[in-house]
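One chain comes next, on its own, written as structure tokens: the form predicted on its own.
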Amino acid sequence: MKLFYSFFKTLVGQPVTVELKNDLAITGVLVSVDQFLNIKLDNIKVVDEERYPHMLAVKNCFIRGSVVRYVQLPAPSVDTALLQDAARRERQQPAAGPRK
């Protein structure tokens, strides 16, 4: 999970599309993300405005990480080699002991 958090922090200021588990898809500029993968977006636009007309007046939003199904990223922002290397390093680290 730490890998995704670190990666999403590098995308602040980039446009992303977040699809929620209720099928609502929102495009906006990523403002922040936290360790729970909660997401804050500015300048949002709903992908299917006809289905969600009540969202037309909303300009920014906070999305709880547990309701996110997918996050679509701009292709130039994704360095797959870097992600693979980071995933490999994270997998090789010993597991942390139980929390007290």
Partner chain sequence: MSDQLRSLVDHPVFVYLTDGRTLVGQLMGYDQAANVILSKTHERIFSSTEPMKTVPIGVYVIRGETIALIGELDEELDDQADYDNMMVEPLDPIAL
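Predicted, not measured: the structure shown is a model, and the values here were computed from it. Positions refer to the first chain, counted from 1.
Here the subject shifts to the form predicted in complex with its partner chain, a form of this protein not shown in this document.
Within 4.5 Å of its partner chain in the predicted bound form, a heavy atom is found for every one of V33, K40 and A57. For the chain shown alone, N22 is a contact residue for its partner chain in the predicted bound form, at least one non-hydrogen atom being within 4.5 angstroms. In the predicted bound form, at least one heavy atom of P53 sits within 4.5 Å of a heavy atom of its partner chain. Using a 4.5 angstroms threshold between heavy atoms, F62 counts as touching its partner chain in the predicted bound form. With a 4.5 Å cutoff on heavy atoms, V67 counts as touching its partner chain in the predicted bound form.
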